[in-house]
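Single chain ahead, by itself, as structure tokens, in the form predicted on its own.
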């Protein structure tokens, strides 16, 4: 498209960087603006599933192998009790056997670094907190807290669940709390709970913990607990002591993971989502990833569906003759799919704490007219329709 010269992306998370890589195959001038002052080693572990890997590979061929070498290809999933004892093991190879891609667990920060390395450093602008934007007929102005103002032909809000771009564009208020609190981190320590290539799940009473190998001897633990309302701790020391008090009856092998974690490395927060939108674009502005369709993490589709967004948005622009046509097609391709995933993810979050999950399973099936197996096939078998046209940049 000749009328698109400059694209501004707000947010240098996984979605913002992925769409920047994708769009650079079509245009030279893609600029990413991030509020953080530096790329610190933050975030927890996440699982990359077949659909997400399919689209990452379409955006940047060969990147999946890089991610495998930086994370962990899951060979076995292990169910444990709160004493750290193994109850059951299941082969993790079912993903590759059935869908052609494995399950990979990786540190969020390391994946961010891999994606950032695919862009020129001068195209990523740190310490740029977006405060709003104004649209005119042929461009959009973006404003930042540091006083800077930039002009672009297209603005993409990839700034997460509390998106400034979404609030200015849609104005739908705060996210919806889903009744679950979360604590998570990544640490490097000696532990005997997980062998290499394993993913662990610990089921407690109205609480659970995921244990993820994320490469290079690092382990990510993610603890969640049912809570009717949420209050955040006053400081990092309270975060850690609050969490340890909730794990009083857990086994030493599990408690020691939390005890070995520096208090300032533990991320505390509520599990939230938003209700699906019928439209997330206006004029020269659109949304992507958690800014467009934030979802509960229960089904592991937050990042994976975001990589679908990044590819589809770039493809729509490569095929359209106008911004309006490209964004309309982008919404047509993405909103029905992400709405279904958002709704099932919210029910899936509730299912973690349900004493009888059968009514929830029935709701999930009625909602989408798909059984759990049919839904998984629908999600994981999703593949890019065409290759992105490579650019000369």
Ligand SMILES: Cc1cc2nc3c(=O)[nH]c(=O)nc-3n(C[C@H](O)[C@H](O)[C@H](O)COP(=O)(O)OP(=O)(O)OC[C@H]3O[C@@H](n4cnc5c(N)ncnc54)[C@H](O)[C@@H]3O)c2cc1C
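Numbering follows the first chain given and starts at 1. Keep in mind that this is a model prediction, so the values were computed, not measured.
What comes next is about the form predicted in complex with the ligand, which is not displayed.
(request) Quick one: borrow the ligand from its position in the predicted bound form, overlay the C-alphas round the pocket, and report open or blocked for the shown form (blocked = 3+ atoms within 2.4 Å of backbone or C-beta). (result) With the ligand superposed from its pose in the predicted bound form, the site reads as open.
(message) To test your reading of this chain, name the stretch in 43-51, 338-346, 63-71, 323-331 whose heavy atoms come within 4.5 Å of the ligand in the predicted bound form.
(response) One stretch meets the cut-off, namely 43-51.
(request) Would you kindly say which of 80, 128, 274, 110 lies with a heavy atom within 4.5 Å of the ligand in the predicted bound form? (result) That would be 128.
(request) Give a yes or no for residue 256: in the predicted bound form, does one of its heavy atoms lie within 4.5 Å of a heavy atom belonging to the ligand? (result) Taking the distances in the predicted bound form, the answer for residue 256 is no, it never comes within 4.5 Å of the ligand.
(message) I'd like to know whether residue 35 contacts the ligand in the predicted bound form, with contact meaning heavy atoms within 4.5 angstroms.
(response) Contact with the ligand, yes.
(request) Give a yes or no for residue 156: in the predicted bound form, does one of its heavy atoms lie within 4.5 Å of a heavy atom belonging to the ligand? (result) No, residue 156 is distant from the partner.
(request) Answer with yes or no whether residue 288 is in contact with the ligand in the predicted bound form, where contact means some heavy atom within 4.5 Å. (result) Contact check for residue 288: yes, within 4.5 Å of the ligand in the predicted bound form.
(message) Just to make sure I understand: among 293-308, which residues lie within 4.5 Å of the ligand in the predicted bound form, judging by heavy atoms?
(response) Contacting residues: 297, 300, 301, 302, 303, 304, 306.
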